[in-house]
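We've got the same protein chain twice here, in two forms, each standing alone as C-alpha cells: structure 1 and structure 2.
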Structure 1
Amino acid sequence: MFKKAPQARPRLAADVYDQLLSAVVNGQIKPGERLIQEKIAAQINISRTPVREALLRLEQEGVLEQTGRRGFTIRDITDQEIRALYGAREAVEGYAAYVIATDRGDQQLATIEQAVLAEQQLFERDVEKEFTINRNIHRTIVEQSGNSVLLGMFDSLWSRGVSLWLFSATRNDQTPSKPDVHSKLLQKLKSGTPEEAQKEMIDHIRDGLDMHLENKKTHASNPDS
C-alpha cells in the first residue's frame, strides 16, 4: 500500500502523513482497519517516530482515533458533527460573500475570478486536486472580505485532513465535480445583492452537505460499494 521512503529524505513525518491521508481518501484503508505504527514504519522503511507523528496529526485533525496503545482506526464522524461543520461554514463563508457583494471592489472580484478560472482550466482531475482548487476558491473569497478573524475561522474549519476526507465523501461515480457552481457564485458576487450572494454561498454549501449525507447513507447500506 505504501511506498518506501529513503532514510535521508527530509520532512518524513509530512511524507507519511500525505501517504496515510491519500490511502484513507482513496479507500485503501478501510473503516475498522487497524493501523499499527510499527507495521507502517517497516513497510515504508523508516523509524517509528515520523509515523507516530503522522498518525497523531491525523488524530488531531479528526480523521483517525486511537484504538489500544499503538493502533489507530478511521474515526466514524457522526451526522451531527457533519451538520455542525457545514453550519459553521455557512456562517463564515456566507458572511464573507455578503461582505464581498457589499464592497464589490474591482481587485477583490478579479482575484476571486482568477481562482474560479483555475478550476475551469483543471483538465486532469482527482479528488485531491479538486479539493485543493475548491478550497482555494472558498479561501480566496473569505480572504478578499478583508476580515482576518473570518479567515482564521476558515482555516480552522478547513484543516486539511478532515476536510479532504469529508470532501472525498461527497464524490462517487454519480456525483462528479461541477465547476459551473462557482461561476454562478462569482456572478452573484459581481452583480447580485449582498443577500443574494450570501444565499448563493449558503445554498452551495448545503448542496455539499446533502451529497455527503446521501453518500454516507449509501455506503452504510452497501459497505462493499
Structure 2
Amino acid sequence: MFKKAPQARPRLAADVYDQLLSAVVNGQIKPGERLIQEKIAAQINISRTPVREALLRLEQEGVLEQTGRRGFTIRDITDQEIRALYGAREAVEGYAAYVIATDRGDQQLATIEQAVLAEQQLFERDVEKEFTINRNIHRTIVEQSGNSVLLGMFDSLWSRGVSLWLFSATRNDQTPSKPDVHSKLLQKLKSGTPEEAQKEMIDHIRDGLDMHLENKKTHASNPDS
C-alpha cells in the first residue's frame, strides 16, 4: 500500500558535516583556524562523537588536515595543489566530454543544453549564483556521461576546492565572454569529434586555472574585501 520508508534516517553527523562544509565555503572558518571537537560539539549542543565523525570525513576528503594533537585545521592549499586539482578536473571532465561526444544521446545533450541556457538567463551580478550555475554545467556534463564513479570523483574534487573556486569567482571582477565559452563547448559536444570535445573542455579548464592564479596574485597582498 504505502511504500516503506526509504531508510535514510537522519544522522546527526551528516548535519555537522554540512554545517562545517558550508562554513568553510562562506569563509566563516578561514584557513589555519583550529577546529576543536569539544567546542564544536558544545556550540551545537551535541556530543563529540558525531562531530568527530564529520571531521574525519572532511579530513579524508582533503578539506581538513590534522596537525598532531592540536586539532583539525583547514588545509591551506599550495599553488602546486591548485594545479593538481585543476589537472584532475581536466582528466575527469575532459574524459566526460569525450564520452558524450562519442555517444551523442539526444536526451543527454538536451539536458546539458538546458544547464548552459540557465547561465545566459542570469543578468544580475550574483557571484554565488554564477558559481552555482557554472558548477552545475560542468557537473551535468559529467553526470550525462553516465558514469557514476566519475561523478563521485567530480563531487569530491569540487568539494575539496570549495573555498578555492568561490574565492576565484569572487575575485573575478568581470566575466565577459563566459556564456560564449560554454556555448562553444556545447557545440563541440554536439558536433565535434570526441578529441575536439575533450580538448575544448581541457582548454576551458586550463583558462580557469590561469584566471585563478592571476586573481590570486593580484589580490595576494590585499586579502580583505
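Think of the rigid core as the biggest set of C-alphas that the two forms share within 1.5 Å after superposition. The structure presented is a predicted model; accordingly, all values stated were derived computationally and were not measured. By convention here, residues take numbers in order along the sequence of structure 1, the first being 1.
As for origin, structure 2 is the form predicted together with a further copy of the same chain and structure 1 is not. Between-form comparison between structures 1 and 2 treats the chain as two rigid units and finds the smaller unit turned 18° relative to the larger, from C-alpha superpositions. Taking the core as the fixed frame between structures 1 and 2, we note the C-alpha of Q37 moving 11.8 angstrom.
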